[in-house]
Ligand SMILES: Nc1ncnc2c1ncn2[C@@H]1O[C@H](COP(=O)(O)OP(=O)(O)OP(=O)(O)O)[C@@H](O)[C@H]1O
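First, one chain by itself in structure tokens, the form predicted on its own.
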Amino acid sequence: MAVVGESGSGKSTLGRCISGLLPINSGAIIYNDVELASSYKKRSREQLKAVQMIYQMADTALNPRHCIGDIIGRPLKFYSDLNGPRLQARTHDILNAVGLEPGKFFSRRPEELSGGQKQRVGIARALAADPAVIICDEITSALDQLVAEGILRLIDDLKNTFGLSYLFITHDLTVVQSIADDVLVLKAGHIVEYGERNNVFAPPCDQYVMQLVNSMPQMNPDWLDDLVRCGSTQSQA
């Protein structure tokens, strides 16, 4: 499910409340018919395991003093009580799952990785808990377009492989169109629209939703044609 809205609409706040990182002022967080404590510190280990989070800024989300193997191994120790050879083998499996070769990345530190590789480590750390739900907080917004597309393909593959559900927080409606089944639209902390993706964006839709759609940048076809002609002329010269 994608959560969309303008900056300041409450998207990231919602994700942090669900994960227990921020307290809620009213209402309740219900998972599998059980109310979760507002703070993660008061949740059981099984409840913590069920809902994991991937952060927007991988640079600050990874401990620079730890190697990649230790970063992924920590949740494996905490949630699955793995140690020794079993811990290392499972860490290797997860690195392979996110497209990072264990022999090259296990002993590296975050500063040695590119932005896309750091985000893959963030995904691997969330996977290590064996969750049911992963909250993705603007996880492609700090990446260039090609790297972001690779991350989106990866999480789609992982969804099918591990049977995951995602709460995907984003302001990019093109991303929503490519990955979301359902969409929740927030404005000033309130839900203004919710439903299946095609129904939410199909006319006639909410005025605020239309504003979001109309704010998407559009490529000028004439400008693109001029660019193609310019490149063709230069190659002939």
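Remember, predicted model here, so these are calculated numbers, not experimental data. All residue numbers are counted from 1 along the displayed sequence.
There is another form of this protein, the form predicted together with this ligand, and it is not shown here; the text below is about that form.
Visitor: Is I24 near this ligand? Define near as a heavy atom within 4.5 Å, in the predicted bound form.
Guide: The answer is no: I24 has no heavy atom within 4.5 Å of this ligand.
Visitor: How about S12: is it within 4.5 Å of this ligand in the predicted bound form, going by heavy atoms?
Guide: Yes, S12 is a contact residue.
Visitor: Answer yes or no: in the predicted bound form, does this ligand come within 4.5 Å of a heavy atom in every one of G8, R16 and E138?
Guide: Result yes, every residue of the spot touches this ligand.
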